[in-house]
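First comes one chain, alone, set out as structure tokens in the form predicted alone.
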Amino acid sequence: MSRFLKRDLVILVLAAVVIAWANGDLEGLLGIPGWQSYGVRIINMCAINAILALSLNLVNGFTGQFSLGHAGFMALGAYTTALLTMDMAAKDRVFFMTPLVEPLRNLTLPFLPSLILAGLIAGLFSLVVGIPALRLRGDYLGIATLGFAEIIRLIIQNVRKVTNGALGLKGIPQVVNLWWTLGSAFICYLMLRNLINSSYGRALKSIRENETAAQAMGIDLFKHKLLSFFISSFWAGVGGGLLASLLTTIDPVQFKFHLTFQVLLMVVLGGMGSLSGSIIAAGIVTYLMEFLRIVEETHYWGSITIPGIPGLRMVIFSLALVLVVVWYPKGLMGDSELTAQGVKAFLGRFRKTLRLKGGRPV
């Protein structure tokens, strides 16, 4: 049995015990109560954000392409999962102004095939976008993918017979629990880790380092970029489907650019080219997004009233991204993983950051 497989089995067993405890599955067996619903919801969001960060890191961190279209692929996955899992009665209640087109009105599928189809549809659209866009490089690719995400959002907002337009979808069945979210995150991590450690992964890293040298070595740049883009979009669609089932309601406003920016923050904070860094950063950002709600709420201190400022959370996260880029450009883990060597490298970078020279890191 390989070292990776042994470690994965240990992690899987420990994760299963924690999930069963948090989900309340051990209460009837051992009398151990589960976690509060709010805490479970935060962990669900951490797992979904980890999937999104891992998928974006595959393109931006490991392949070296600058993609900003993640919100569009998430929207496709969310709406696909919602429309396929809602029953006819729920669809009739939601589409009271403009009736839903007939094939979708009568179609209801279980959650798992709906989630897989959501990822495949997002991946299919990634091919439509990637075939012309991946011939671009750098900022041009980022602008093209950002434009695609905005186009998808506007289409969703205007195709009322399919998406209910700006009213969004409500009454989505809440199938998602910790088993679904953490299980999907674990599968995503294993898939991407095996891909990165394969010959395809080494080819993707060579494209990131030097496209000209990679092409000279016989690597098909376009094919490998498209493969990376497809896998990333597939998991973004899966993440969107999990999010729709968790929230039970979606609308086009949720999938604006700020959602991609939030995922990008996780990738940069965790380290471009580090899978474990993306997972750690997803947990940090998700927790802080909830904790920092206090800056948007009104507080009363005796006769003093401190008004909340809507949107201040995103301002704080924007400043945090600037600070990370300036003071810690490689992120928490850099391109290392959460191993003994990776932790040692992290501590070394942290000590170097503390040694200032002229007000800037050495």
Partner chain sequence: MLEIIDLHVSYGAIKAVQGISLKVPEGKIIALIGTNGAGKSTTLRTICGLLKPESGRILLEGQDITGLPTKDIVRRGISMVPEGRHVFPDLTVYENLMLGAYIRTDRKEIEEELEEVYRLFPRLKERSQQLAGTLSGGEQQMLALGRALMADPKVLLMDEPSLGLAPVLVQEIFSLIRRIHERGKTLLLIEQNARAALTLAHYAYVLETGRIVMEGTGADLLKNDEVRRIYLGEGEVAG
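Residue numbers count along the first chain shown, from 1. Note that the structure is a prediction, hence the values are computed from the model and not measured.
Just so it is clear, the following notes concern the form predicted in complex with its partner chain, a form of the same protein that is not shown.
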Open item on the list: At 4.5 Å between heavy atoms, is Asp220 in contact with its partner chain in the predicted bound form?
Closed with: yes
Task: Heavy atom of Arg93 within 4.5 Å of its partner chain in the predicted bound form - done: no
TODO: Please check if Asn210 has a heavy atom lying within 4.5 Å of any heavy atom of its partner chain in the predicted bound form.
DONE: yes
Task: 4.5 angstroms heavy atom contact with its partner chain in the predicted bound form for Thr108 - done: no
TODO: Counting only non-hydrogen atoms, choose the one of 196 to 204, 83 to 91, 254 to 262, 146 to 154 that falls within 4.5 Å of its partner chain in the predicted bound form.
DONE: 196 to 204
Open item on the list: Check for me whether its partner chain, as it appears in the predicted bound form, comes within 4.5 angstroms of all of Asn44, Glu297 and Arg313 - heavy atoms only.
Closed with: no
Task: Interface residue in the predicted bound form among Met97, Leu112, Ala166, Ala216, criterion: non-hydrogen atom within 4.5 angstroms of its partner chain - done: Ala216
Task: Residues in 95 to 125 close to its partner chain in the predicted bound form, defined by a heavy atom within 4.5 Å, in order - done: none
